[in-house]
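Two forms, one protein chain; C-alpha cells for each follow separately as structure 1 and structure 2.
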Structure 1
Amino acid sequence: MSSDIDFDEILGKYRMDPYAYVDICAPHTGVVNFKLDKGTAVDGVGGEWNHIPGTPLFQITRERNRRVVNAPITGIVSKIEVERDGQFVEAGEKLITIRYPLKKKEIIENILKEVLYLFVAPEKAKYFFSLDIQSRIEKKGSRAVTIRQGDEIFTMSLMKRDTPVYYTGQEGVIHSIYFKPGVSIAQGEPLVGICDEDTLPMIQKVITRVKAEWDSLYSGM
C-alpha cells in the first residue's frame, strides 16, 4: 500500500493551498442581494454561547419576507456569484465561497482520510463496535487491533433493531475512529480508517513531518 502513496505530492498540495473552502448556498428560493464583496474578511458565529451571529453575507427575499444569511465560519470571501445579485435564485444554488486556513489537526486528519482505507456507514444509523472488537480495543488500544475481511466489526442499531456489520476491505489495524457510539451517522460517512502494518510507520513519519513543518506551511500568509 505504501508504495502506491505519494506522500510528497500530498504534502505539497497542502503547502500550496493550506485552506478549506465552504460553499454558502441559498436556503430557499427568492431574490438575493449581497452585502459584501469578494476578499472581505468575515467572522463566524461567536460568543460564549454562540449567541453572536456571523457577518451578514446576503439577504434573500421571498414573498416580501426577508432573511439575512450569516457567515457560519471565520475566513475570507474567495468567490461571489456577482451575476446573481438582484436575481431570483433556486434553493441550494451556490452563492458565496468562504476560504479559511486549515488547522494543523485538520490537515493531518485530511491526509489520513486520503491514505487510510475508510470503512463507511452502510446506512444512516447508530453504530457500536462489536463486543469482541470493543474488548480488544479496551485491552490493547485500537491501533493494536487487526481487522480482517469478514470480521464482525460493528453492531448497527436502526429502528430498534440491531444488525451485525461485517468488515469488507483490506486487512489492517484500526488507525482512526470517526464515530461516537450511539450517535447517528449518515450513510456513507466514515466509521473507521484502516491501515496495513507496512504503511503505518510511513504515516507516523508524515504526521511528525506536518507538525514540524507547520510554520513553513503558513509562511507568507
Structure 2
Amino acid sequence: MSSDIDFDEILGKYRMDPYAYVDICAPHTGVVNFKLDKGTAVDGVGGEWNHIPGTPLFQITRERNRRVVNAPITGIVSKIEVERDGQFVEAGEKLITIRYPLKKKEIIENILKEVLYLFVAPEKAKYFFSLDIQSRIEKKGSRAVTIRQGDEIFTMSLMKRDTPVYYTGQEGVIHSIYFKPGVSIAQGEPLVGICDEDTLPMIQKVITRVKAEWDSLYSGM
C-alpha cells in the first residue's frame, strides 16, 4: 500500500462528481426490451431481508425463457442503450447505467477500498468467521487480529455445505468488515479489508481527513 496518498486529488474527484455509477449488463444472450427511459428514477432492492425486487429495467428473452432484470440500487437511469431495444444482445453487453449520489460513509469506504487489501468472496454464499478468528475478534476487536497467508479465515456456507476459506494476501490486521453473518454475499464482493499494522495510523488519517472535508465537499454540490 502506498503511503503517498494525494488527498486533494481524491477529494477533488468526489467534489467534481459525487456520484457512483452502476452498469447493468445483459445476464445472458437474448432479445432485450426496455421497460423505462433515460432519466427515470428507480428503486433498488428493499425490505428488511432485501427480498423486494427493484424496479424492472428490461426483459431479456432467450428461446422461450423470459427474464426480467431489476434495479439493484436506488438512483436515476443516466444512460440507456435505446438503439438495442428489441435487438439480440450478447451476454455481458452494457445496457443501462444507474447513477446515485454517494453518502459520506460510502466515500470513506471507497477511499479505504483503494488503500486496503480486499479479500473477496470466492462464491455467492453466506460467510462467517472461523471459530478461532471469531473468538479473537470478540476478545480483542478486529483491528487487533492479525491475519496471515494460509490462515483459515472464513467458513463459506451454501446449501448446508460448509467450506473453509483460507486467506491469501498480504499479512495484516482486519481493518474493515464488509459482510454480516447470515446475509448472502455475491461472488467478488469484498469480505474484509486488510492493512499492515504500520499503516493503520495513515488509514485513520484518511478517515479523519474525509470527515473534516465533508462539509466543504458537499457545500459545493
Partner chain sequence: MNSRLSASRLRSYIKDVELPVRTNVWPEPEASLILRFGAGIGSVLEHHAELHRTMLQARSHISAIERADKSVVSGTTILADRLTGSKGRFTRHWHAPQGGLWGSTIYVNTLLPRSRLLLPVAAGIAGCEAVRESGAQDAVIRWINDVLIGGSKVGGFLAESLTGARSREEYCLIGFGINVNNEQFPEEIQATATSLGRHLGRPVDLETFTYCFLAKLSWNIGLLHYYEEALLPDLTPNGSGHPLIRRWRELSDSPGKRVLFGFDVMASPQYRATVSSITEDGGLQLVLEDGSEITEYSGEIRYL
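Everything numeric here is computed off the predicted structure, so don't read it as measured data. Residue indices: 1-based, along structure 1. Under this definition, the rigid core comprises the largest set of C-alpha atoms superposing within 1.5 Å between the forms.
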Matching the form predicted in complex with the partner chain against both blocks gives structure 2
Taking the rigid core as reference, does the Cα of Gly92 move 2 Å or more between structure 1 and structure 2?
-> yes
Is_shifted Pro122 between structure 1 and structure 2 (CA, 2 Å cut-off, rigid core) = no
Does the C-alpha of Pro201 move 2 Å or more between structure 1 and structure 2 once the rigid core is lined up?
-> no
Give the C-alpha shift of Leu11 between structure 1 and structure 2, in Å, after superposing the two forms on their rigid core.
-> 3.5
